[in-house]
Ligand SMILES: C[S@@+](CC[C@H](N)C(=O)[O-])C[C@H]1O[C@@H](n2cnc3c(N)ncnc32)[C@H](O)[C@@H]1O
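Before any questions on how it binds or moves, here is one chain, the form predicted on its own, in structure tokens.
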Amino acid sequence: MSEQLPEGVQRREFDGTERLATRGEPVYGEPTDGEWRAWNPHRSKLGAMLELGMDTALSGGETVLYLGAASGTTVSHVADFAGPTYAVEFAPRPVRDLLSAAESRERLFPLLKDARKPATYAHVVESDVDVLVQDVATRGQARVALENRQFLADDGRLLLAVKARSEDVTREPETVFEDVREELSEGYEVLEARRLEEYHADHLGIVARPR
């Protein structure tokens, strides 16, 4: 599976267990080994996608727009190995932690914005980003991805973590996932989809490219 890992992400041993790791300042109390810090797939959907061997097309050094950055758990790992990383988060409280994570990461740019309203940050985020990572706990997750497609390069990738319960707690996750995929097809071609159950209940990981 190592061929799927971006440059700057390695499998290293922490407390006798081999885990994904990036090089950077610790953010959320994760185990460290020198400059390296463990990337916990149970706390990171993107970490889970990498752990499961999904072809994220991340190679290291790319420009990333990250939607739903929260307090920076995952996006801090991304900024450890990617290029300019724009981190959009709507809630003021987690953004304080995100700003703290960004202090030691000159390529991480926190934005207190709503991912459902890309016009509010279009003047900041460069166009033709290589990768759009989305992990937003809101209804209309496919719509958010479609609204933000404008930032993605023609050969870019969408890495989407769909949370079934955020769409509708009353419906079967599989039905929710089908609906999201169908709506997503308005602007994207799904290349790979995989349930993240081993790490995140009722989540689907999707890799897609713009149509």
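Counting begins at 1, following the sequence as shown. It should be emphasised that the depicted structure is a prediction, and the values quoted were computed from it without experimental measurement.
In what follows, reference is made to the form predicted in complex with this ligand, a form of this protein that is not presented.
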| Proximity of residue 138 to this ligand in the predicted complex, heavy atoms at 4.5 Å | yes
| Contact label in the predicted complex: residue 99 to this ligand, heavy atom within 4.5 Å | no
| query | At the 4.5 Å heavy atom threshold, is residue 116 in contact with this ligand in the predicted complex? | reply | yes
| query | Might residue 80 be said to contact this ligand in the predicted complex, defining contact as any heavy atom within 4.5 Å? | reply | no
| request: Decide if the three candidate residues 5, 22 and 49 all line this ligand in the predicted complex, where lining means a heavy atom within 4.5 Å. | output: no
| query | Which of these residues, 38, 164, 142, 70, gets a heavy atom within 4.5 Å of this ligand in the predicted complex? | reply | 70
| task | Specify the contacting stretch among 168-176, 57-65, 38-46, 181-189, defined as having any heavy atom within 4.5 Å of this ligand in the predicted complex. | result | 38-46
| field | Partner contacts for 146-165, taking this ligand in the predicted complex and a 4.5 Å heavy atom cut-off | value | none
